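First, one chain by itself in structure tokens, the form predicted on its own.
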């Protein structure tokens, strides 16, 4: 291991969490400002790609042992299930519900069923992006 590897790997460990936390912020802020599941998912995937650049694929797979195709399937189920759940309540497709809740640490917060749809989009984007990148970058 060269000295430059130590610097890059140490910096990556810090920057990864900064990018990941910002992606979570963008995900939650997406209901009232630009952002949401798609942009948050791209930021999360870019944080994982940063890990792949600083470390090798085996190290990242050991640290993040996710099957990204399963993550895509879960995301699709969440997104389609949330969108079509409105049919059960005899309202138009994609109709979402919301209410205000008092949550610990957050205070009065408006929660939307659209957040579950955004979570599905988030998971699909992370899963698809990482599946593509890992299939391009792996030797298997």
Partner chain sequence: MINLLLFPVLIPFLTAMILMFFPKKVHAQRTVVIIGLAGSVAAAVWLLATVMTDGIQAVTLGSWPAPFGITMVSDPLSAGLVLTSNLITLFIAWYSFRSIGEGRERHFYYPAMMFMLTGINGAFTTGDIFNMFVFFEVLLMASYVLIVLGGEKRQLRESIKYILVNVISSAFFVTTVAMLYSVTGTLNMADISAKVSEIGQSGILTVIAVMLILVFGLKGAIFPLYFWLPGSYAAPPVPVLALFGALLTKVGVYSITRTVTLLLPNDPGFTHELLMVLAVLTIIAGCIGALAYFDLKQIIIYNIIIAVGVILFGVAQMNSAGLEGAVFYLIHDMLIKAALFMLIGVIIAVTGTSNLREMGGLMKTHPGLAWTWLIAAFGLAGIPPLSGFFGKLLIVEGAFEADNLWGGVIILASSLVVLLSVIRIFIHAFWGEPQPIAGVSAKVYRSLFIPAALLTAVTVFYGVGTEWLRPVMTDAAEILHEPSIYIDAVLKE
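Numbering follows the first chain given and starts at 1. In this text, all values refer to a predicted model and were calculated from it rather than measured experimentally.
From this point on, the text means the form predicted together with its partner chain, which you will not see here.
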Going by a heavy atom distance of 4.5 Å, is residue 34 a contact of its partner chain in the predicted bound form? no
Quick one: does residue 69 come within 4.5 Å of its partner chain in the predicted bound form, counting heavy atoms only? yes
Heavy atoms within 4.5 Å of its partner chain in the predicted bound form: does residue 104 have any? no
Quick check on residue 99: any heavy atom within 4.5 Å of its partner chain in the predicted bound form? no
Of 41-49, 76-84, 24-32, 56-64, the segment with heavy atoms within 4.5 Å of its partner chain in the predicted bound form is residues 76-84
